[in-house]
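This document opens with one chain alone, in structure tokens, the form predicted alone.
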């Protein structure tokens, strides 16, 4: 995995650990890498192309990407800003210094980061929600939040509880690699529904579309607005791209076992028979109990 860049957004459902399996199935020569469901961005970060057309309907995740891409021009200023936030709200920051008392570490061996950061995290969260426009603060909230999920309530307030995590050297390493990588890429971001995003594109030779949509039969936060109609719409669009001779690859899940209940994506299983299917060893972790599930994940593509 040392050859692959980890997204500093540590997004739920991120494909980072599956990149060795997924990327070897991509075309060798890519003009424009087109991704309607970018999420944390680990796939585009590790794919060579002349240009990147990226999209996600989640405006906040795109805003964070844009914030980090802008920060790539001056990483030192970015880390000074982050350090200032962590000091202001007295958050743990092992990337810079260890300020968690040894007594707390001994008393709460497995949860001392959550115990230490909770008060400052809640103050930071309240402060961010007053204006909702300071993306340095939002990024810090994401890093310290439970399961590092980007979640807002009906009023538009960030509402994730504190996680048992720290801003550590792994985070800074991911950020530095991200900064180094995006400076070399020609990137355009949008925040449209996947169909609107794809319909506006005039496809060219050697364009390649990679899709990692919400999964119909799993229960992640980012899957809750997906349904059978949307699934059918997406699959029909991929059939259309095949007719246009546009190469694409789709990540998805065919089977999912949960507490003895077996779920099956029959729509996907019927449809994928006409294409090339590669079985992928899944690393999907449930939002609800953080345990590995019995899952059959696949990569479906329309080219050899």
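Fair warning: this is a prediction, and the values are worked out from it, not measured in the lab. Positions refer to the first chain, counted from 1.
Below, we turn to the form predicted together with a small molecule, even though it does not appear here.
Trainee: Taking heavy atoms only, is residue 230 within 4.5 angstroms of the small molecule in the predicted complex?
Mentor: Looking in the predicted complex, residue contacts with the small molecule include residue 230, since a heavy atom lies within 4.5 Å.
Trainee: Should residue 96 be counted as a contact of the small molecule in the predicted complex, where contact means heavy atoms within 4.5 Å?
Mentor: Residue 96 lies outside the contact set for the small molecule.
Trainee: Using heavy atoms and a 4.5 Å limit, would one call residue 212 a contact residue for the small molecule in the predicted complex?
Mentor: Output for residue 212 is yes: heavy atoms within 4.5 Å of the small molecule.
Trainee: Please check if residue 265 has a heavy atom lying within 4.5 Å of any heavy atom of the small molecule in the predicted complex.
Mentor: Residue 265: no, not in contact with the small molecule in the predicted complex.
Trainee: If you check 239, 255, 58, 51 against the small molecule in the predicted complex, which one has a heavy atom within 4.5 Å?
Mentor: Selected residue: 58.
Trainee: By the heavy atom within 4.5 Å rule, which residue out of 226, 203, 108, 79 makes contact with the small molecule in the predicted complex?
Mentor: By the 4.5 Å heavy-atom cutoff, the listed residue in contact is 226.
Trainee: Residues in which of 168 to 176, 126 to 134, 193 to 201, 71 to 79 have heavy atoms within 4.5 Å of the small molecule in the predicted complex?
Mentor: The contacting stretch here is 193 to 201.
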